[in-house]
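The chain that follows stands alone, in the form predicted on its own, written as structure tokens.
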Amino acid sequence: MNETKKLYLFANWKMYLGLEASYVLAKNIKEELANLNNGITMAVFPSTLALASVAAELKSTTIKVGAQNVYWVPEGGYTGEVSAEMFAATGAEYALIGHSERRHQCHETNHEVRQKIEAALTAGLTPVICIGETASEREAGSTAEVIETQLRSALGALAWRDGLPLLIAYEPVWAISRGVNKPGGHCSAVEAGKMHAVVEKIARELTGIAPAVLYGGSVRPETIAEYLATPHIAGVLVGAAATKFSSWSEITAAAVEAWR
């Protein structure tokens, strides 16, 4: 086991599982995956509807629970929104902020991402700041500019909360939208590692804190070991493959084996 670094295995359940399915998956994870090596942090991000029951089921384990999104106002007339404070009171310890699907499907701006980061920190949640470039941005050669703009908006002049790790998830949107088996749709471990090094450098310059950068680009059981063996990749943020216990357990087993 690596004693000098930490490994993050984060599962974003997105809008795939209802209340009962979320509880069953959490129960399976509790029974089969709760005894992880020291240095490995696992967190699941269920739907808002299921978060309370999942948090209650996993409360006695080392597995953490996070919110998929937060609103930046503590309370008020904001129908349909859920504040960071509400998620924290329900048992969440993390929050995904600026996920690519929220940026590009819900038109979330860099300014809104910054507001949500600040709200999460105020509530005591650890933000998982998601960044990444689209296919058109990559083809235009503007990847570096996009990444730096997102990071500067998220972290510039930000007072980070003592005791919370700085977690950033790099999501190459082009690798997710195109799919790993389509032309131009695979982000290799080498390419991901290079981007993570850039992210680390910019984040450290902005905050003075060494971040842990997770990779979130269609991770599969057969590819995770290669990513985790690559410098600058501190873990993974997995989507659809994390919503089935069979594939999530395979990913976890491969990750633990690679970590030894």
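Treat the numbers as computed from the prediction; the structure is a model and nothing was measured. For every residue, the number given is its place in the sequence shown, counted from 1.
The form predicted in complex with a small molecule exists for this protein as well; it is not shown, and the discussion that follows is about that form.
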| request: Identify which of Lys194, Lys27, Arg220, Lys201 has a heavy atom within 4.5 Å of the small molecule in the model of the complex; exactly one of them does. | output: Arg220
| query | the small molecule isn't shown here, but in the model of the complex which of Ala175, Ala120, Ile168, Ala92 has a heavy atom within 4.5 Å of it? | reply | Ala175
| task | Work out which of the listed stretches, 230 to 238, 66 to 74, 50 to 58, 34 to 42, brings a heavy atom within 4.5 angstroms of the small molecule in the model of the complex. | result | 230 to 238
| Taking 4.5 angstroms as the cut-off for heavy atoms, does Asn12 touch the small molecule in the model of the complex? | yes
| said: Can you tell me whether His99 touches the small molecule? I mean in the model of the complex, with a 4.5 angstroms heavy atom cut-off. | reply: yes
